[in-house]
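For reference, the chain that follows is the form predicted alone, supplied as structure tokens.
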């Protein structure tokens, strides 16, 4: 996939934007606080229909924007097909159009633009809370399994309903029976999707880590309750979840929340036979996270038949010179378009198909001296 043109109006601090990215690499450079990340956020929003920085849509609309609206548009090329995807955010919510036709519902709009995002916080993923690793898995699945949005939403809806009932302090056995049945059914689908993703990522993860750091033993494991892990197929997982919910119901009633199920599962990142977060050095942890994001990117390419756009938000600045060099060596070999933000463009090597853009006070200007 290639973004041929990225257009934004009323978005964050940006002046009206019309960005024509480089074929392979676009470098957004400038001082902090000028709007570099806002450009990447616009591209990400067109792909994910959400921000990676806020859950409040009003934060995305520029102060003083006409009619308090923000508009985004991407002209993209995917496997030789030219498409236009537009989003408008305003007081009445969000509207999307694909090739000029209205698109209703989040699930229907996902997939028009495909990106893999890498932000500095991702470098801390191995030591973050399990929720951050579950979120990584779910977002990576969304990138290749469009139906997963509705599947995950169905699970979350039942989970919220069950927790709301538990918070009331009433056991309501018949209603909890109904919730448990649905939670087991929808949760089994979530578990199987996550398992399949981890199985697909692990060999790619190990290969990229060898490129970045050497031939050391690494692993990815999706961790659930032991009984759920022992279940081999979706039907067996559903039965294991149903039994686990029933066995722990009294505890859930006392604690007033659901403490069993895929909402407490984890992605275990292994290094030399133990948990990476307890064994690996800071440099090794960063190499592991670089390898994981590159595994996601190449997995998306394999599944969709076209590489996604890679968005790197100031990640090179967080790396030592060696890992920075290795990262760019890998990127140079990938057939993907990359948009990268940095404060100093000199740290980005002169790769082919590169175009530089100076970002200052919300204005993005193509740099005539681009490498």
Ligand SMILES: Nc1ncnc2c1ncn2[C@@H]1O[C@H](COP(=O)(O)OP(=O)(O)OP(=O)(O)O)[C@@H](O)[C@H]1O
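Residue numbers count along the first chain shown, from 1. Because the structure is predicted, anything quoted here is derived from the model rather than measured.
Unshown form predicted together with this ligand; subsequent notes refer to it.
The partner is not drawn, yet in the predicted bound form one stretch among 34-42, 66-74, 326-334, 302-310 has residues with heavy atoms inside 4.5 Å of this ligand: 34-42. The closest heavy atom approach of residue 13 to this ligand in the predicted bound form falls within 4.5 Å. Within this chain, residue 60 lines the site of this ligand in the predicted bound form, having a heavy atom no more than 4.5 Å away. Interface membership of residue 317, defined by any non-hydrogen atom within 4.5 Å of this ligand in the predicted bound form, is ruled out. Under a 4.5 angstroms non-hydrogen atom cutoff, this ligand in the predicted bound form has residue 53 among its neighbouring residues.
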